[in-house]
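Just the one chain here, the form predicted on its own, laid out as structure tokens.
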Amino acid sequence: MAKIDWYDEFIDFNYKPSKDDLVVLFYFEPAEGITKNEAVGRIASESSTGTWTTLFTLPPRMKKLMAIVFEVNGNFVKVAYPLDLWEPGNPAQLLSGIAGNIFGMKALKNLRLVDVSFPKSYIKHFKGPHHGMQAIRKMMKVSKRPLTGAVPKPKIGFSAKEHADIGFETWMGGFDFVKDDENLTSTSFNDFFERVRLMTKLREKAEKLTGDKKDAYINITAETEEMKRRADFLADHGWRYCMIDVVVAGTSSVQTMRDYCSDLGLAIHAHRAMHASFDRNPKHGMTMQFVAKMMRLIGVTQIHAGTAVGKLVGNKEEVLSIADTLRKSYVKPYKNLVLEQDWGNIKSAFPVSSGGLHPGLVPNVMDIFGNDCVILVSGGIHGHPKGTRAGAKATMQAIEATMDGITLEEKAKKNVELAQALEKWGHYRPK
């Protein structure tokens, strides 16, 4: 019988990736009756030049475009992809290959895209963040401590005026940012443009009263042309940030908005809504670390990374890998979690810690992230026994204590807001 498939031709354990190869790390589990080599051969084939059967005509030059499996370690496989497979500066086309049909192949019980090592020859076609971490610190006049922000809670349902009033209390408690949540864009009860107008007046008032810079992550997520209109409105009203739900909006629209917002001087706060639909299962889908890497490459200023101690899934190791991917100029390989990455001239981005935080958890978060992060404490300030402003003050006191190397309990002896927060929540970790 004539040979039907040619998946084995995509495996070469003697192959050494070139400096221009894009290397992808996958976790895989073969389906019943499929060997490991049969499984990994299909991964490389389906994500590059292969198909399910041998072909009548195959030009010899096609050999140079084949992805090559060069290492299998247990259930982890590394695949090298020639640079010519990928259109320069097109992340959507990249995802259609390394995160495309391969996830639906019957020969694989599970498949997870863990990480990608981008060569400099691929990275050079991307701009990365317009604002790096130091530029944001300079813009907000915050030199050392973590940046802080909060979402008015509940996340949706307030009128534009109610939202703005809670935002004002948040700023007056010492926070840098007020944040829309992922599902608040423009509604009948909270119109985007009215919200911006009201927030602008109260931002100016808060800045005058406190002497500090204040801003907001106001959600512009919509059809791309509408996002441009909303970004224009933010810039016209003196805002320096916008927020985009980057996963649901998609890489192409985020690329467009990166350049558009850059021209307006707006930094992009990236919310990761919908991420857990494909990154929560540790055996299938893709990692949040890779999503964060793609978004830094495209050019967001910051993106959510989890907390390891709050209400959302994600352990300390995962959270740290995301933070390193966003902040470091060079990332060392680590276990079967992280591949080597030299970011070249791509600027850094802030990891954002959010989800179920309150003042009692601030030391835990800062122990993981250090100071170069954005900490969002929302329910943990609005639920304070004395209200939002007191909750924000308690959080800032917790940050001060952590930076001074003293316990929250010691700090609380002279700070009533922190004492009241600890009395309610202690060091409780939400489930």
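From a predicted model like this one, the values you see are computed outputs, not experimental measurements. Quick note: we count residues from 1 along the sequence shown, nothing fancier.
Not on display, but discussed next: the form predicted together with a small molecule.
- From the list 371-379, 28-36, 401-409, 42-50, the contact stretch for the small molecule in the model of the complex under a 4.5 Å heavy atom rule is 371-379.
- The single contact residue among K120, K153, K316, R229, judged by any heavy atom lying within 4.5 Å of the small molecule in the model of the complex, is K153.
- Residue in contact with the small molecule in the model of the complex (any heavy atom within 4.5 Å), chosen from E169, D176, D181, D324: D181.
- For the three marked residues, P359, K393 and G426, no heavy atom of any sits within 4.5 Å of the small molecule in the model of the complex.
- In the model of the complex, the small molecule sits within 4.5 Å of a heavy atom of S354.
- In the model of the complex, at least one heavy atom of G306 sits within 4.5 Å of the small molecule.
- The small molecule in the model of the complex is not approached by R137, whose heavy atoms all lie more than 4.5 angstroms from it.
- Although the partner is absent here, R272 sits close enough that one of its heavy atoms falls within 4.5 Å of the small molecule in the model of the complex.
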